[in-house]
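Taking the form predicted on its own, here's one chain by itself in structure tokens.
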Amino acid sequence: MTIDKVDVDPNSLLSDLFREHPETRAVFNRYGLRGCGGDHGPAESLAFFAEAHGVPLDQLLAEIHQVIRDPVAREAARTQLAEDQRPRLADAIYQPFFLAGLAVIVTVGAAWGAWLLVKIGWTGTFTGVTIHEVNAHGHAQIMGWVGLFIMGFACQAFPRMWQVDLPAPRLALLTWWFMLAGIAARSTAMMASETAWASGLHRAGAAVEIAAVAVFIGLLTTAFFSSRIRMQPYVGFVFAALVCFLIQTVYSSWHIGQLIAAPTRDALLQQVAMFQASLRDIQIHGLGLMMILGVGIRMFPAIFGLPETPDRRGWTALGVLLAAIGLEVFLLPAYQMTGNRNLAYGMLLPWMMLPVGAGLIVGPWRLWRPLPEPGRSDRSGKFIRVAFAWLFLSFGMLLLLPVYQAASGIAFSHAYYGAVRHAITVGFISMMIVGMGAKVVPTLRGIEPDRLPALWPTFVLLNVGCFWRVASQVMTDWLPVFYGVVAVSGLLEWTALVLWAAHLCAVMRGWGKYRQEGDTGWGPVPDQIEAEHRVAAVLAWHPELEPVFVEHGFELIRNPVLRRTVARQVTLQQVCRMKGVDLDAFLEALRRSRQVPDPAGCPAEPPRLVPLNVGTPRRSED
């Protein structure tokens, strides 16, 4: 469509608006678009952007029309846009977290889990693998898969929703390093639990993980309280999940430390019986479920056209779920300590409260029906709908546990309880990560939806694998032959996640057909070449500058291997220092020789005018 010079309405697409009036992007940058959507903006309407970012639509339209009509406002917007084009760490802070999460899930996550299932099938018993192997796999899944995706999404999305900048992006990136170090150290310590150094390594890994999670929560808390956003139910869910994130990190550190240091097998089994289940409840229902519901309340109405959750209903659901999680965490350890069977029977109360609390949020969405537009045609919608089906299946299986125990004659079935856990961890949480990743990453990259595959192979394989795991694991209580086939589920799930991970990496990094026209892979072309710019970035923005590098003694820039590796890591300042080249003279030569592409329509040296002061968030430096 072609937008009239002044006639902009709620249905206008951002990409069309930016082509016709590029300076209006400065308005959207103030409300969280900066660094997102690629050079041409995301393929979404003004109305969608306003709802997704919590901006009053009338206010947004008024600011856009002011920039279009008023020459002074237009020049001020161009000035601000030129400033916004400078790359910032916060603009793509999600990428290292998502990439690390993908690496974890296709290696020590799903692949390791599949290998453990092979060992179980070979031995014909779920005790064919040690508790330390199971816990190392579980730890990689919770901290390296779920945790890293939550951290990346939260650092990228929540400050933008709250219309502020992420405080201290370099500190946020430091938490990524700490998480990776902690996951590696703790997983190694669990696998080497019999060694003399395992306990010390585990304590070190636990310390850096706790520090990472605490700093991450501190950054988000600072961002929220520096905003002008009122406390809403979705914020309550998010911060409840964050508190559970910290609690489970500390709890897990203590619990796993006790297991590694257990002097006897009886002491180890007693520790597992008393505390393992409550730890998983905090991780799955406290961290995973609460975060997903919080994000869903905030984003699903805009993304999928679902009804908004009234505040009263949202707060009620939050209270019910927090009470349920608290009872779950308390009752089972209390029963193990006292032997009072009434406490064990009391577990039915939180298990009934969980579907009630979740149903208050999910029920009005009527996900058993086709999604309304725009969600009906969205490729991620099928993942979201089936994820909630798996959630309520897991709730139903919990409630049927006493019936299953009576029918099977097994006092406590590890196979059945493990199947319940798998239904919610893979069927719900992992399915939701896949669906939201398939939605969020292309939006941040500005990839047109019609260029993207529907991801049916991932969807089918992941659901078939999860169903086969849940069904075959339960059947091992009745027919031992199912031990031999349960590992098939792990292979199916791993294949599904590898296909999705490869696709998401290609979209995230702009590889092949997912690179936008004019996209250099280094963000928008800056107005000025600076000393801190990477060599590869400068050459991607301005290929015509290669002779300038050669003239100043950087002949190795012609080597394609070095250009793809070293040039991506070093800045202009660093290479000048290494070669003894005068930095100021080199920068002047680069600036003088460049050809300035101007897709945004901004002058090379815009006038320094006072920018618009409407809805401008507080900003922080990288």
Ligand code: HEM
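Because the structure is a prediction, the values reported are computed rather than measured. Numbering starts at 1 and follows the sequence shown.
From this point on, the text means the form predicted in complex with the ligand, which you will not see here.
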{"item": "Listed range touching the ligand, judged in the predicted complex by heavy atoms within 4.5 Å, from 453-461, 439-447, 210-218, 423-431", "value": "423-431"}
{"item": "The unique member of Arg280, His533, Arg74, His542 whose heavy atoms fall within 4.5 Å of the ligand in the predicted complex", "value": "Arg280"}
{"item": "Answer option from Met353, Val238, Ala537, Leu116, heavy atom within 4.5 Å of the ligand in the predicted complex", "value": "Leu116"}
{"item": "Exercise: Thr476 in contact with the ligand in the predicted complex, heavy atom 4.5 Å", "value": "no"}
{"item": "Proximity of Gly418 to the ligand in the predicted complex, heavy atoms at 4.5 Å", "value": "yes"}
{"item": "Partner proximity in the predicted complex: Gln141 to the ligand, non-hydrogen atom cutoff 4.5 Å", "value": "yes"}
{"item": "Interface membership of His503, the ligand in the predicted complex, 4.5 Å heavy atom rule", "value": "no"}
{"item": "Candidate spot Phe554, Val561 and Phe586, all three touching the ligand in the predicted complex (heavy atom, 4.5 Å)", "value": "no"}
{"item": "Residues within 4.5 Å of the ligand in the predicted complex, restricted to 487-504 and counted by heavy atom", "value": "Gly490, Glu493, Leu497"}
